[in-house]
Structures are given as structure tokens and as C-alpha cells.
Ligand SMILES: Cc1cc2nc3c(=O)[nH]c(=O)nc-3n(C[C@H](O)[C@H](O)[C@H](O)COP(=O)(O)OP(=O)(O)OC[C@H]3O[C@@H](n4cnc5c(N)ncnc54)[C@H](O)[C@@H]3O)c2cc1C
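This document starts with one chain, in the form predicted on its own, laid out as C-alpha cells.
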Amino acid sequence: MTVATLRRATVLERSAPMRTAVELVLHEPEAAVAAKPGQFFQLGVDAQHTLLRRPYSIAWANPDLGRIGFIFSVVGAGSAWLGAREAGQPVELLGPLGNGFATPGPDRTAVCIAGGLGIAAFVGLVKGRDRLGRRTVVLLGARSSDWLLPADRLRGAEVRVATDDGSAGHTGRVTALLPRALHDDVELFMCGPNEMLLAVVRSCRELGFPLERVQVALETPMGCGIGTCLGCALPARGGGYLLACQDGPCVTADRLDWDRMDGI
């Protein structure tokens, strides 16, 4: 886990890659070098009535250009403030924080299953594997086609899509695509709503796919991001709790007590 550093980044550009989402591209060379897929930063906000930084997964980083990208939804005052940043304006970064993905070996296929904005955690992972010439399959689910991150943002991966309304790909839940994707050479990665994570775990158990080969990027709400507030505690297998900000956000699924995760 990388030691967190407080940094001052500069906004380079802002765009809307999918419905309700903002992509913010920041320039901060040291952060871009330090960031690993699956880690997160706490982004400072200066909106009225906001006290805490906002935690966002690293979508991607380009160390050569000193750029780092975040893709997030605008759901409140803090994210609205960040989503309105213009080119040239500063944004405070604390991080990188937490543990990123453990990348599988060259003989393994990475299957990433994402619901909605959960795909943001996988953009950098896909880019890195594409550079190495390694096979990646992305199972991407959303309510409708306009909630999907465009497939060209996942260049190098085989993208399979599911939408609740049938406007793109399979009609129904993205977890319906999972059985055909799981093989002996697969390492599974997942990120999305808790309901989706629970469904993936159930499918893995039914199919006999070992949970120690499933990595989950946890999206539990975080306050401090450094293990002080204990607001991101999740039930651990065998008792006790894991802190998503320190033990995760990326952990193998066998470390969590999924029976106690239901309803969180």
C-alpha cells in the first residue's frame, strides 16, 4: 500500500462519457506515477456545507503525460462542485490510498464484471493488460445503453454488454453473462452495486468457481480514507471486520462474510 500524500492537481479537461457521469482529467505527475489500478484518492471539495473529501477510484493514469482520470456520478454538493471544475482550476488530492488489484499472470484471462459506474475501476486495468498483450473480457451491465461507458474506452478488451431494458446487448442482468465467461484460466474482478456483488458470489458458488480467484473493488462509503473514522467497515469471514480503505478497496472475495454483507 502506497503512503498517502497531499497534492495539488490542476484540471485539464472535463467531459460526460455516459449518462449522469463526469470524467475529470487532472494533471499531477507524481500522482500519475504512484497510482495503481484499483486504488483511490480523496478529492478535496470547497462546496458550501461540505467538510470531507470525496473518495473516488482511479479510472486510469498516464504517467508519461502526468495525467490521472476519475469517472464519477454527481449525486450531491461535493460531487457537483468537482463536476463543475473547469480547465486550469486546482483540485486537492490525497493519495493514492488503499490496495489496488493483484494482477494475474500472463497465462490468465482477466474477466471484469461491472455494474453501472463500477466500470470506472477497470479502465486502467484494461489499458495495462492491453499494453502487455494479455486477454481481458469485460462484462458490462447498466439500466440502458446511455448508462454504458463506450466500448472504445475499453480498447483491447472483449466487451459483452447487458442492459435492463434491452437497449444494448443481452436483456437483463449482467450476471447472466457470467457462466459462459468462467473457465479454469480465469481470474474474476468485480465492481458495482452490492446486489450485483452478492449475485456474482452466488453464481461462483453454484458454478464451483473459487472465491479466492475473485477480486472485488469495494465501493463502501468512506469518510477519512485512512482508517481513522471506521466508517467503511465490512464483515470479514471468520468474524470481525475489514476496513475498505486500508484492507481494500480491492480484496479477494473469500475474505468477506457474504451472508453478513446482505443488506449493507
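The first residue of the sequence shown is number 1, and the count goes up from there. Remember, it's a predicted structure, so these values are computed and weren't measured experimentally.
From this point on, the text means the form predicted in complex with the named molecule, which you will not see here.
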Query raised in the report: For the chain seen here without its partner, which of 196-204, 213-221, 27-35, 60-68 has a heavy atom within 4.5 Å of the named molecule in the model of the complex?
Result: 213-221
Query - Partner proximity in the model of the complex: P55 to the named molecule, non-hydrogen atom cutoff 4.5 Å - result: yes
Query - Touches the named molecule in the model of the complex: G76 (any heavy atom, 4.5 Å) - result: yes
Requested in this report: Spell out, yes or no, whether the shortest heavy atom distance between L117 and the named molecule in the model of the complex is within 4.5 Å.
Outcome: yes
Report task. Decide whether F72 counts as a contact residue for the named molecule in the model of the complex under a heavy atom distance cut-off of 4.5 Å. Result -> yes
Query raised in the report: Can you name the residues of 241-255 that have a heavy atom within 4.5 Å of the named molecule in the model of the complex?
Result: P249
